[in-house]
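Shown next as structure tokens: one chain only, the form predicted on its own.
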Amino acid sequence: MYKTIASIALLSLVGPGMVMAQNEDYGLGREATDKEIVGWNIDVPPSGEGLPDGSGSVSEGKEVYQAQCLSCHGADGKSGQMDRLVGGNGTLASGSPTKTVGSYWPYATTLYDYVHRAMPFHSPQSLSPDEIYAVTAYVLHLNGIVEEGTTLDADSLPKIKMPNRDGFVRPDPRPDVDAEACMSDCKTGK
């Protein structure tokens, strides 16, 4: 009972001040410009929407990989100190699944997206679109998904069918997976 009375008393004292505080302009920050928003909107969905112009081949990707990726992922994509990129086929249903690009990832565009965002680890977002297409092609080649003479671009990358594309449960029962993204006037919690 004491806690309830104390809470009501506290709300009656703090409540009006909190409402006023929400309406105050603190003079900090500014609205993001359209150019800034475009710069932050770098995700690439399974459809490939948003992939940039450019292209890269498996052979070009081998050079990028050796210069930027080999120290963490090893020469073969499975012997470095960081996550394995290659192998693991047929292990997902086992007691010790090996999740790699080739065994687990459902979309090739996700590989482009991830490399663009986060790689190389020591300097994320430093690779050009051509370099990202190339290293994506090389990693897919290491997994036996594309041939050695393959060149990838915004048209060809989304068409690649990954070995585990159909290995995920659909519809995904998690409540946030298929939620509609709110892009404006999001005060209703949408």
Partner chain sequence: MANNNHTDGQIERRQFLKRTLGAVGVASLPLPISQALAASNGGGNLAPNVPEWTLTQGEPILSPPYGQPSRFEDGVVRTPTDLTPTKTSSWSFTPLQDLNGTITPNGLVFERHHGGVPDIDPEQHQLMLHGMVEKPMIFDMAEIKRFPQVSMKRFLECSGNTLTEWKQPTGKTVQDTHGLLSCCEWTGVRLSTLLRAAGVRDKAKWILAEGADAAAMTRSIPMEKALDDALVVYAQNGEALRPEQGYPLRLILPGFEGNTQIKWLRRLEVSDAPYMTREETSKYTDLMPDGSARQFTFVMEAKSVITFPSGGHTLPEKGFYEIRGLAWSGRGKITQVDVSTDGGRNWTQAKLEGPVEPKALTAFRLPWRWKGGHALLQSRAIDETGYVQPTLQALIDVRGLNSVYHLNAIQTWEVSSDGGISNVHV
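Computed from a prediction, not measured in an experiment: that's the story for all the values here. Numbering follows the first chain given and starts at 1. So that the term is clear: the rigid core is the largest set of C-alpha atoms that superpose within 1.5 Å between two forms.
We do not show the form predicted together with its partner chain, though everything after this point is about it.
Residues with any non-hydrogen atom within 4.5 angstroms of its partner chain in the model of the complex fall in just one of 51-59, 126-134, 26-34, 146-154: 26-34. Among residues of the shown chain, residue 79 is not one whose heavy atoms approach its partner chain to within 4.5 Å in the model of the complex. At a distance threshold of 4.5 angstroms between non-hydrogen atoms, residue 64 is out of contact with its partner chain in the model of the complex.
Its partner chain is not drawn, but in the model of the complex it has no heavy atom within 4.5 Å of residue 75. In the model of the complex, its partner chain lies within 4.5 Å of some heavy atom of residue 44. In the model of the complex, 92, 93, 94, 95, 97, 99, 104, 105, 106, 107, 110, 114, 117, 118, 121, 124 are the residues of 86-124 with at least one heavy atom within 4.5 Å of its partner chain, listed from first to last.
Here residue 32 counts as shifted, since its C-alpha moves by at least 2 Å between this form and the one not shown after the core is aligned. When two forms of a protein are overlaid on their rigid core, residues whose CA moves 2 Å or more are considered shifted, and residue 173 is one of them between this form and the one not shown.
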